[in-house]
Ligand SMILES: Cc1cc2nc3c(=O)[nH]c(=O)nc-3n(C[C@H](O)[C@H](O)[C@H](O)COP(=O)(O)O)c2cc1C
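One chain is shown next in structure tokens, namely the form predicted alone.
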């Protein structure tokens, strides 16, 4: 019998396929459909730090926006609705826990360690099984050093961990000057998991209308290479679980990330493109591959192709390009 069960953030999952935070996880109806199709866990659509702060500071008007707010948030939200969105988010957590049997992971998109961190306790009280912090600090403030930016990550983790007892994971980007060391240091803060990597709004220009428009909203299969490389490099070198995200669009991608060393794999874009039936299809590919290779459980092969387990660890680094351009394959 093939056993797809795995553990992530101390939670038991029936399989390693997690539905990432997105529009697909914004309502109870969608969450129930995702569970029926076989999802191992769900990460709820993120609530923004600015929404939480608006609820905590209900007397603040747009004209009196605190310095911790990013002005762009008002392009995406009606300020008058922010407070209401917080209540709706807590109700969504409660409803999801009443009707789902799979783990429900809340998500907060944050950029500071300000007063919003107090809200983490309300997320826990609403019944969330875990909390994922989605963080990316754009290095566009020229008054702050790289150390200033990186310290915010540690400050957020410290404050949130003081508020809650549920597992906490951190979803980050690969935009760090010393990525491997940063991942390792973050894993040693007491968090339960790291998600590599988040994907965020990328601007483009409409040259006729002369305005900023979204670009590349969904990931593509070729984007798996970045997370695959770093999951493989960091597997067995961190003090927490690893979840792979971005670029996984089929069962083969799921298998690759598990071979690299991921505890779980998160998907979103492929659901928008191909629908929820992708979930059982990916799990079937995984099961058949395990059966073919005589693996009974995920742990039988997880991390077999990580850098530490590899006979040719240089294949994950610069040498692969030298061999490629020399016309030689990587062995």
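Residue numbers count along the first chain shown, from 1. Please read all numbers here as calculations on a predicted model, not as lab measurements.
Another form, the form predicted together with this ligand, is not on view; read the next lines as being about it.
Heavy atoms within 4.5 Å of this ligand in the model of the complex are found in exactly one of 29-37, 301-309, 45-53, 288-296, that being 45-53. Note on the partner interface in the model of the complex: the residue among 189, 173, 85, 219 having a heavy atom within 4.5 angstroms of this ligand is 219. This chain lacks the partner; the member of 229, 122, 199, 161 within 4.5 angstroms of this ligand in the model of the complex by a non-hydrogen atom is 199. Interface membership of residue 266, defined by any non-hydrogen atom within 4.5 Å of this ligand in the model of the complex, is confirmed.
Using a 4.5 angstroms threshold between heavy atoms, residue 10 stays clear of this ligand in the model of the complex. The closest heavy atom approach of residue 169 to this ligand in the model of the complex falls outside 4.5 Å.
Not displayed here, this ligand is kept clear of residue 243 by more than 4.5 Å at the level of heavy atoms in the model of the complex. In the model of the complex, this ligand lies within 4.5 angstroms of at least one heavy atom of each of the following residues of 12-29: 20, 21, 22, 23, in sequence order.
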